[in-house]
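Read the single chain below, which is given as structure tokens and is the form predicted on its own.
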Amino acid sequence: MTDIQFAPLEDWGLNAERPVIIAGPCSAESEEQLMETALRLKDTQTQVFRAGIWKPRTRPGSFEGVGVEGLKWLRKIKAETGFKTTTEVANGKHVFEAIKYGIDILWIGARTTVNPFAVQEIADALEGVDIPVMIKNPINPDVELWCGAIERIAKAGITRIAAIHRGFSSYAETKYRNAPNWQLPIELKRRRMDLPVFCDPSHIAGKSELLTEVSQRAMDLNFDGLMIESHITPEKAWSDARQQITPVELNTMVRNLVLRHMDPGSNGFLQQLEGYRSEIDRLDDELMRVLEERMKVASHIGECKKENNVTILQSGRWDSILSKSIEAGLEIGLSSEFIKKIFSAIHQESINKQTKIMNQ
């Protein structure tokens, strides 16, 4: 994405002071529900009103949105409240309809981002159109796929682009609806620091009581804003009732967020931070040397196995290493998930080296 220039949020007509709040119900259900929610959100820091018009659902027969009729409601809300409006688009027809009814910002959902054909159809529909587009991460944890979707929209001539982190599908049991995998949006931001990044704590959390925790983490990581699902009566919502909060609850949550500064403005702090960073660098160098030595030993094991015509994978040995490492990690305050990821990666690299030796 090195040749792409992203416009700042000020160019979207927004007050870019963190956190920029996008809020509204998961789904547009009726004109009354939408208008009442919007009017109550006027008393919060919300700048953009969101609502799903077309809802991609896992199973047929679920509520799949009110369609174009909802765009008329959003247009009325925009006229009466002054909110900018945003909705999800999943194909070219959605783009045409949303623009026709004056939607200010489009977003591409996770189920669409994962499909380059669908993203390209949207990009083609956006040719020659000047409108901001927000792109949610794909449902699977793949930063390249996320970058690819952003690049496709950018190549259509769109410069007002933002990413939305909404978490990733996972077979592992976690307390969240979608695993945050914070390292992926961090990597995205590392690649392009000028790309605005929002967090969607509603879809990460899946439960209203976890929203504050996820939102605070996003602010601590210097995300630009939050997209939060808010409904006048969440318990009666037609979709995703469990993760929605009332406008009053949203207002309280946002006001209680702790906002930290990027520039601490204190020489003492910076000197202390640099000291810690130097220590981290030293330890990282030491880790690299240890890994180098470990891989040398793994290569010797590969040569020994080749000479004795023994298979590379010894499942019992690997299970023993992993169990022992997890136990040792827990004793020093490291999570079993972290230890498993680290040692699985080391084990795979060892297998790769031994496979290369076997094939020589």
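One-based numbering along the sequence shown. Quick caveat, the model's predicted, so the values are computed rather than measured.
Omitted from view is the form predicted in complex with phosphoenolpyruvate, to which the following refers.
Could you work out which of 110, 218, 74, 163 is the residue within 4.5 angstroms of phosphoenolpyruvate in the predicted complex, going by heavy atoms? Exactly one listed residue reaches within 4.5 Å, namely 110.
Can you work out which of 34, 26, 41, 48 has a heavy atom no more than 4.5 Å from phosphoenolpyruvate in the predicted complex? The option sitting close enough to the partner is 26.
Could you confirm whether residue 67 comes within 4.5 Å of phosphoenolpyruvate in the predicted complex, counting heavy atoms only? Judged by the heavy-atom cut-off of 4.5 Å, residue 67 is well away from phosphoenolpyruvate in the predicted complex.
Phosphoenolpyruvate contact at residue 136 in the predicted complex, heavy atom, 4.5 Å: Flag for residue 136 set to yes.
Even though phosphoenolpyruvate is not shown here, does residue 305 get within 4.5 Å of it in the predicted complex, heavy atoms only? Taking the distances in the predicted complex, the answer for residue 305 is no, it never comes within 4.5 Å of phosphoenolpyruvate.
Given that phosphoenolpyruvate is not shown alongside this chain, does residue 94 nevertheless sit within 4.5 Å of it in the predicted complex, heavy atom to heavy atom? No, residue 94 is distant from the partner.
Only one of 48-56, 325-333, 307-315, 287-295 gets a heavy atom within 4.5 Å of phosphoenolpyruvate in the predicted complex; which is it? Of the options, only 48-56 has residues within 4.5 Å of the partner.
Residues within stretch 277-313 having a non-hydrogen atom within 4.5 Å of phosphoenolpyruvate in the predicted complex: Residues within 4.5 Å: none.
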